[in-house]
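The data below hold one chain only, encoded as structure tokens and taken in the form predicted alone.
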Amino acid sequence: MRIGSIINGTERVGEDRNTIDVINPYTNEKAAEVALASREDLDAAVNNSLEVFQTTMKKMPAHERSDILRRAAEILEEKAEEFASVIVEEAGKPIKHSRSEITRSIQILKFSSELAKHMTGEVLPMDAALRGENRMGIVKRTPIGVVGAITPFNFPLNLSLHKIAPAIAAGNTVVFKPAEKTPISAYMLVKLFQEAGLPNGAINLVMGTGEEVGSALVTHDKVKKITFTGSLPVGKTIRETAGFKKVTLELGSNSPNIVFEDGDIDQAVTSLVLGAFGFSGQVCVSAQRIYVQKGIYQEFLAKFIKATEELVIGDPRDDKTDIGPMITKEAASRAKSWIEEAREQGATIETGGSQDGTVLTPAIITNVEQKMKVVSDEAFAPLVSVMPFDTEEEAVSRTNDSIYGLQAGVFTKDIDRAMRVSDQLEMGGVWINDASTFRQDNHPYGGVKQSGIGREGVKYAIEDMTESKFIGIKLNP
């Protein structure tokens, strides 16, 4: 299968184009060939998106935008298994987790459909200020224009829709640059929106390299907002080069989880095994650091190791598989080198850490130090460090000792402690009695410190993809 960019409804797959292959991470077989976009294609996409925004999308009634998003949700429900199978093929995500991603993606479309009809403003009490008598003030929200959406490989449908669906709900147009490793689902998504009745050019798909089209999208003067999920180095570059554009950056973490002595150990183990090793740890909020109070440390560790060793490793197409491949052999080798480096520095590998091509067995690491990469950096791999602590104050201090601050988990039955610790943690979000990895699609999601800027979650994304406009009226008394 050969696919290419889609600009103003037309696919660009010319034989003279450079190409890249999409490789199945588990079988190492070719899944598709992608005809790469050029800088000229990117310019065409942005210019077309601006034209469609000015002539069509910003004038489209909210009920029409809502209907298109609802129809897209219905079509995705009909094609759920097809999309899930493609995510397995291009990303290596186990089929049961791929199906869950489709379910969440449908929900994002439904949330966006509903909220498209509820972009409300406010009437201001102008006489609250001096000289405000006989004046009326109205604040309304207006679409921002062309949104550049740059998405990662790990949730190729869900995270794309977290950017695209709110943009459409708000009346914007989108230039969509998906991850190079997972473009097939992006291609199918744009086709799905066409089927749902979205006008040509409302989403323009540009499939190219970050160097060729990603950077140009970020700096393009006709793009009004960039929304990006990916690595910290790329996010820093976007922040430095985006100029006066709005930016939303979700840049990952080494997410901490705290288990107190009064917490439910079995609940914590169940949550954290999935939280640490789901999709081979290739999740921005994957549980990478687990702090366990000393009174229950040994019991927790024994149960955690046992549950981890019971995970099924194998073919992601099999319904029973829990752990499939990482996205590339290079990614697995990088994580393996971190594990071995930690071992050489004195850490203990309690289980896992063996590599077979793209597959890395889930690794539990103890006796670690803060300076070790497996603790201080973002692993984005199936490895987790488990560390004992004495006091609440120690747990909070060690948790906050990081450049990251995306999401955390706290396990305790003491509601006062739960709220006290949550307030002290330097995080964009905290889950009480669930792992840091859990995410719903309707809450504000994003980080502090170097985990990012801005918030996703449909309502919050829509707010950041619109401008507030004030209209004042001087009335005759």
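From 1 onward, residues are counted along the sequence shown. All figures in this text were calculated on a predicted structure; none of them were measured in a lab.
Separately, the form predicted in complex with a small molecule exists; it is not shown, and the next lines address it.
Partner-facing stretch of 100 to 108, 289 to 297, 345 to 353, 244 to 252, counted where any non-hydrogen atom is within 4.5 angstroms of the small molecule in the predicted bound form: Going by heavy atoms within 4.5 Å, the stretch is 244 to 252.
Quick one: from 198, 175, 360, 218, grab the residue that has a heavy atom within 4.5 Å of the small molecule in the predicted bound form. By the 4.5 Å criterion, the partner-contacting residue is 218.
Name the single residue among 119, 395, 234, 190 that comes within 4.5 Å of the small molecule in the predicted bound form, judging by heavy atoms. Of 119, 395, 234, 190, the residue with a heavy atom within 4.5 Å of the small molecule in the predicted bound form is 234.
Within 4.5 Å of the small molecule in the predicted bound form: all of 150, 154 and 445, by heavy atom? Judged in the predicted bound form, 150, 154 and 445 all sit within 4.5 Å of the small molecule.
Should residue 378 be counted as a contact of the small molecule in the predicted bound form, where contact means heavy atoms within 4.5 Å? Heavy-atom contact with the small molecule at 4.5 Å: present for residue 378.
My question is simply whether residue 269 lines the interface with the small molecule in the predicted bound form - judged by any non-hydrogen atom within 4.5 Å. Judged by the heavy-atom cut-off of 4.5 Å, residue 269 is well away from the small molecule in the predicted bound form.
Please determine whether residue 278 contacts the small molecule in the predicted bound form, using a 4.5 Å cut-off between heavy atoms. Result no; residue 278 lies far from the small molecule in the predicted bound form.
Residue 390: heavy atom within 4.5 Å of the small molecule in the predicted bound form? So residue 390 does not count as contacting the small molecule.
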